[in-house]
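The chain that follows stands alone, in the form predicted on its own, written as structure tokens.
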């Protein structure tokens, strides 16, 4: 095999702190249905949003280094806004495979908004990043960007995949907090800046109302992965795997939800 044509059985690796990156996997399946996938969730480190930049950078770089050494993926995707905005450059420096990151979809939101008022919902770590400041300055300088840290929604997204009821109160509290900000009543576009949050889009849409539209990066990330692997052959020799950094009885609750994304094996990494 040449470097341009990797072994067709080499997987694409998707990495997230939890199950939010499955929203990226769903879009990737549409474009590359035959691609072998390994999904890695750092549930032992969840949530990332309340950790320091140094903690996140060290953890993500270390885990992805070990994962690529063991699994030999053709490409890795950091399907997590928090991890990407903090650790993407560091990971690219140490790994010799293509790395695709996830960044808040401020650019498309700025093009979509009619009122000029955009809400950005993410983790505490994501919304404070200079990376987000730069995206705002570049693409939404003439808009109003209202940022909200909503860690409760990460928990709600995890609960959704376990088949548990979504905490409607957490959704309402997030929406009420945004509406209460100066200009919040004019929000017409919401950036879901955490890959967990599209799992909650029906609840968020009901709470915001029908005049609000949502945008996130999953489709664009999938297109980028498809572009970087263009012309490569795929062969699935084994069932696709979900890896977790912590095991225990709680993992069984995810089995049905993971299977709906084509991940029929669960293992501890």
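As the structure is a computational prediction, the values presented were derived from the model and not from experiment. Positions refer to the first chain, counted from 1.
Below, we refer to the form predicted together with a small molecule, which is not included among the displayed structures.
Undergrad: Would you classify residue 36 as touching the small molecule in the predicted bound form, given a 4.5 Å non-hydrogen atom cut-off?
TA: The answer is no: residue 36 has no heavy atom within 4.5 Å of the small molecule.
Undergrad: Give a yes or no for residue 154: in the predicted bound form, does one of its heavy atoms lie within 4.5 Å of a heavy atom belonging to the small molecule?
TA: Answer yes; at least one heavy atom of residue 154 falls within 4.5 Å of the small molecule in the predicted bound form.
Undergrad: Applying a 4.5 Å heavy atom distance criterion, does residue 243 contact the small molecule in the predicted bound form?
TA: Residue 243 lies outside the contact set for the small molecule.
Undergrad: Looking at the partner-bound form in the predicted bound form, is residue 123 within 4.5 Å of the small molecule by any heavy atom?
TA: Residue 123: yes, in contact with the small molecule in the predicted bound form.
Undergrad: Taking the small molecule in the predicted bound form as the reference, which of 225, 61, 67, 46 has a non-hydrogen atom within 4.5 Å?
TA: None of the others qualify; the residue that does is 46.
Undergrad: Have a look at 46-54, 227-235, 201-209, 25-33 and name the one stretch with heavy atoms inside 4.5 Å of the small molecule in the predicted bound form.
TA: That would be stretch 46-54.
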